[in-house]
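Only one chain is shown below, in structure tokens, and it's the form predicted alone.
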Amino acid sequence: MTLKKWIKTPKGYVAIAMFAFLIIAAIGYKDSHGIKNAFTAVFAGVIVDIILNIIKRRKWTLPEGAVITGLIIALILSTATSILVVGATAVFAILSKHFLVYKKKPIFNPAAFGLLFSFLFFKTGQSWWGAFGDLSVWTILFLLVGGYMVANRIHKFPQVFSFLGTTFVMLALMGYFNIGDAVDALRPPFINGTLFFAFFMLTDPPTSPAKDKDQVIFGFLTAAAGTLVYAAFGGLIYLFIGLCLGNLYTYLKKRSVSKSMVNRKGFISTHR
């Protein structure tokens, strides 16, 4: 595949957006630590991905997914995170991609799963610096433009709108009834993190549904589960928990449909 053709692929769109956000954020914060973390996460993820593909004797393909996963991890983790922890987070994300699978596709979004693991075991902080949380408010435009291009390219608008609509309605109700810190979730850096998450993590094709109806349900369940976690515990980790629960729902539904088809075929074959 030529570079021109690759750029027009869904992974090409996402990779370009992540690289652009990395450079913009590094310049905006005047901090090179994020770039070092990005290099570490991408390098660790790509090496593990290549090794596992060789062990599984898979046909050689560019490790685009590992690159994107590494960039997302680096853009979310605090720039003060040690490179060892950054690398370990990326490695665990890729391991989940290869071993927590159903019909050769990952069950959980690798970046979300890796970040959740990192928080639970390393107590890492997520600054979402790559979503421009502490920069000028107008930088949200970068998220919206990049997010629109990606969601439009992979046809995931029903999912994005369902997630964002449910999230904002639930937060508004929480604010009205004085439940949790709902107001904080509607301000930077929380709102930046939510938009970044909705456009670039929730929409991951291998771990999210393709049909419009399923997308709406997936977006709703992810938002509802995550927002309830936020109401109870606060913090931005609720996004990862919500997504993993949404991924689990999608996996269980796929397995249920697959079993139904197998049983139906078996019933037909035995009654011919």
Partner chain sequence: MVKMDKKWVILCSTAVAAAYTSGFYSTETQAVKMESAQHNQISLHTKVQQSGTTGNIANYALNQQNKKAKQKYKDGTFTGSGMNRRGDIQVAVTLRKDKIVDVQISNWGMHYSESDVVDLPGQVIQRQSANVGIVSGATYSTEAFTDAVQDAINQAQNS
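Positions refer to the first chain, counted from 1. Remember, predicted model here, so these are calculated numbers, not experimental data.
Same protein, other form: the form predicted together with the partner chain, not shown, and the subject of what follows.
Between the partner chain and the residues 210, 62, 232, 54, the one pair within 4.5 Å by heavy atoms in the predicted bound form involves 210.
Residue 236 is the only one of 46, 236, 225, 244 with a heavy atom lying within 4.5 Å of the partner chain in the predicted bound form.
Residue 155 belongs to the set of residues with a heavy atom inside 4.5 Å of the partner chain in the predicted bound form. Not displayed here, the partner chain is kept clear of residue 92 by more than 4.5 Å at the level of heavy atoms in the predicted bound form. Residue contact with the partner chain in the predicted bound form: residue 102 places no heavy atom within 4.5 Å of it. When the partner chain is considered in the predicted bound form, residue 121 lies well away from it, no heavy atom lying within 4.5 Å. Not one of 206, 214 and 250 is positioned with any heavy atom within 4.5 Å of the partner chain in the predicted bound form. Stretch-level contact analysis of 170 to 178, 105 to 113, 67 to 75, 92 to 100 against the partner chain in the predicted bound form, using heavy atoms and a 4.5 Å limit, identifies 170 to 178. Residues are counted as partner-facing when one of their heavy atoms sits within 4.5 Å of the partner chain in the predicted bound form; in 166 to 194 these are 168, 169, 172, 175, 176, 178, 181, 182, 183, 184, 186, 187, 188, 189, 190, 191, in sequence order.
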